[in-house]
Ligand SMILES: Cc1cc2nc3c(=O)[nH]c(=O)nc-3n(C[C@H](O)[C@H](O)[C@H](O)COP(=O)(O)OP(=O)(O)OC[C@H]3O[C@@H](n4cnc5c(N)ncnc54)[C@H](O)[C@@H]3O)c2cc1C
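Shown next as structure tokens: one chain only, the form predicted on its own.
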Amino acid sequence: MANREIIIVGGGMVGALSALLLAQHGDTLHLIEKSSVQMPAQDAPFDLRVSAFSAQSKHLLEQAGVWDDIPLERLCAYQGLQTWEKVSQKLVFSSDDIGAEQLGYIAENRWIQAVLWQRLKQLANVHFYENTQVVDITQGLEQDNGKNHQRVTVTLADQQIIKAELLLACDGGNSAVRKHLQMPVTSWDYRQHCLLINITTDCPQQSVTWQEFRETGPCAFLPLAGNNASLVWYHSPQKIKQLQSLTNQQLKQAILTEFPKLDFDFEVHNKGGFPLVRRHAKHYYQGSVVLVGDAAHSINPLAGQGVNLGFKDVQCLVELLTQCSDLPIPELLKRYQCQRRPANLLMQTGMDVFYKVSKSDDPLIRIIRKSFLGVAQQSGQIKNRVMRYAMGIN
């Protein structure tokens, strides 16, 4: 059954991409977003919230017709990824090893969201509800032409009522939709915080992203477009709070003293911290409501796979809705859950194990950890297969 009526709660990257792909297929979309979305200025300072987009995620944005709308001066291709522990061999991934032009791209979340919204605003079959929130959700059977149909009804804060066949909850890790429907989740706090630091450097745009593992948590470097970059510093909540309290100049001195060595001079421009929390919904759907992206799962940002997992959810759900449109909604959502929940759980578990092992100060584990990096570096085709999997290509 084509041309469905669909509600999407949450207009971030995952929600906006879902809306655009489904609207381009001919469905009628009702997009609800609690804030307004504006196109950033091209010369604005870089935002703290950036993501590493895999080849598969780039392909989805190309499929939606928005990739070329992202200004080149806000986009950074990277060709290398390196990871190491002190006094251990570096594990080096290079796009040259698999014959690719790059491993991925780093871009600001707000620019991806903005270009998606720009395209959505051009479509007559997309209805927008900005600066408002959902206050009630009900589901039940309604008669239409003498037949009973399952419907989901949403009431907004301004008392508008929207009815549809399907609701996509794309409203993030603290999903109000998930909480309203009391959909159970497993979650725990990693007892660590992460500090994001935006800097400008005295050297041209770089093309390698790296991570150094420490017992206090990883430290990472993400190149951004031009001479901009992002530093990622994991540590205890107390340490991150102390670092956040510093002036930009004081933070620069702390970076020079305590962060892995940087081969350039730099200036700090912005910083922001957040706690690390892992969540996974026990069920991805309830009736005609389905969880997508962070509303269903949040992962340790260690490997930068959060947005890519969310986009894989989008691709799976959109393909089911468009290619198996003769199936009833419950069957489609069951297939979506069966495909995406095990895959997301596997990635979450892998990152959890890697994260815990990287922080262990047990002497035996440290020896094994350093040996693993050396063996992995020499693994040839196995390393390349891991790289291609992370990029979302065969």
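Quick note: we count residues from 1 along the sequence shown, nothing fancier. Just so we're clear, the structure is a prediction, and the values are computed from it rather than from any experiment.
Missing here is the form predicted together with the ligand; even so, the following discussion is about that form.
- Among 133, 253, 244, 207, the residue placing a heavy atom within 4.5 Å of the ligand in the predicted complex is 133.
- Of the listed positions (176, 77, 281, 164), a single one reaches within 4.5 angstroms of the ligand by any non-hydrogen atom in the predicted complex, namely 176.
- Not displayed here, the ligand is approached by residue 308 to within 4.5 Å at the level of heavy atoms in the predicted complex.
- Of the heavy atoms in residue 170, some are within 4.5 Å of the ligand in the predicted complex.
- Proximity of residue 32 to the ligand in the predicted complex falls within the 4.5 Å heavy atom cutoff.
- For the chain shown alone, residue 113 is a contact residue for the ligand in the predicted complex, at least one non-hydrogen atom being within 4.5 angstroms.
- Stretch-level contact check against the ligand in the predicted complex with heavy atoms at 4.5 Å: of 181 to 189, 235 to 243, 290 to 298, 197 to 205, the positive one is 290 to 298.
- Interface residues of 50 to 70, taken as those with a heavy atom within 4.5 Å of the ligand in the predicted complex (partner not displayed): 50, 51, 52, in sequence order.
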